[in-house]
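Next up: just one chain, as structure tokens, the form predicted alone.
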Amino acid sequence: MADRAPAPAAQPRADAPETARLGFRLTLPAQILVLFISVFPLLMQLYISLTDWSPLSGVSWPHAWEYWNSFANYTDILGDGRLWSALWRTALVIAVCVPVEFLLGLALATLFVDDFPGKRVAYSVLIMPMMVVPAVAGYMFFMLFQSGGPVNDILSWFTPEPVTLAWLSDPTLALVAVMVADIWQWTPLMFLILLAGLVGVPDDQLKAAALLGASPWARFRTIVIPRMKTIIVIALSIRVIEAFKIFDTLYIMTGGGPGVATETISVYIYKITTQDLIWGYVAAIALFILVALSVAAVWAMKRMAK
């Protein structure tokens, strides 16, 4: 058998650097545009946050430096009790709504992973709430929770006296009504994401575990949950982010009231932007929240991914 000559080593193409430079030049305008879109709003916000400029100042925003106040807006954040109350209320909404939506979504996904009569119809009905425009959902629940509305009428069936709760006028009940609306609308999203994860769990592993005598709970805990870990992290992350931005439904139902009883951070920022017109302070709050949320998100993702 004749010896084969070793194959010559692949030589780098002489025109490779020139090809790379040509690709860079061709994509440079798009890269600059993307960089501009991403960075410019942040730089502008940082610039405005260091001033007392507002649209009523009489000068355009490039001249906001005439109202320079250094870091006064950032120090004001520390003493703004209304801001911290709004943040606490937002955290409370997240702490209640997201776990409830997760548990309901997981229970529904577990039911829908198997076939049953009428599954297609039930599936369509179940995901319908998330297709409703949030403002429309807010109006629907505004009508439901009126003193003479359907919710009090249904509760009256189970009590000897007619129920006339003023849901949207009571500071505690108003927040409960807002949470109910949020859970109604966004549980279907959690259900869809978790159902996609459940469908991807290998069926042969579940059958093998069943043959070995593992109980349904043991199979769910040792096979299903580990396989769905990434999906669960994604679902919870999406809902936490969206719940933090809750605005439309809440504002239609209560406008942040009574008083400031249901004022979340989005409603608070909207009010001081459109009513008080202190845009420099609003910019400082927005940047403060952006940094705080970024740090919290990175920490939470690392914790959940372990």
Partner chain sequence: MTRSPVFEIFRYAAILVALAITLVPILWMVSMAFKPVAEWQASGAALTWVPLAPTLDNFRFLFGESGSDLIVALDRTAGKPILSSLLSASVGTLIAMSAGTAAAYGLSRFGSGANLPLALIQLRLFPPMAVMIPVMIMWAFLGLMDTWWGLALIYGIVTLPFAFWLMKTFFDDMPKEIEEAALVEGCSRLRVFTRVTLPMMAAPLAAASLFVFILNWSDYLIALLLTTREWVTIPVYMASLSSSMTGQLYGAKAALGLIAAVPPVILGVMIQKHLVRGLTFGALKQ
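Residue numbers count along the first chain shown, from 1. The structure displayed is predicted, hence computed values, not measured ones. Throughout, rigid core stands for the largest set of C-alpha atoms superposing within 1.5 Å between the two forms.
If you look for the form predicted together with its partner chain, you will not find it shown, but the lines that follow are about it.
Between its partner chain and the residues Leu50, Ile269, Ala243, Val260, the one pair within 4.5 Å by heavy atoms in the predicted bound form involves Ile269. Residue in contact with its partner chain in the predicted bound form (any heavy atom within 4.5 Å), chosen from Gln146, Ser215, Ser156, Thr172: Gln146. Taken together, the three residues Leu108, Ile193 and Ala297 all come within 4.5 Å of its partner chain in the predicted bound form, as judged by their closest heavy atom. At the 4.5 Å threshold, heavy atoms of Trp167 stay clear of its partner chain in the predicted bound form, well away from it.
Interface membership of Gln45, defined by any non-hydrogen atom within 4.5 Å of its partner chain in the predicted bound form, is confirmed. Not displayed here, its partner chain is approached by Thr274 to within 4.5 Å at the level of heavy atoms in the predicted bound form. Its partner chain in the predicted bound form is approached by Pro117, whose closest heavy atom lies within 4.5 angstroms of it. Only one segment in the set 74-82, 159-167, 184-192, 95-103 has residues whose heavy atoms sit within 4.5 Å of its partner chain in the predicted bound form; it is 184-192. Once the rigid core is overlaid between this form and the one not shown, Gly259 does not reach a Cα shift of 2 Å, moving by less than that. The two forms, fitted on the rigid core, differ between this form and the one not shown by less than 2 Å at the CA of Asp115.
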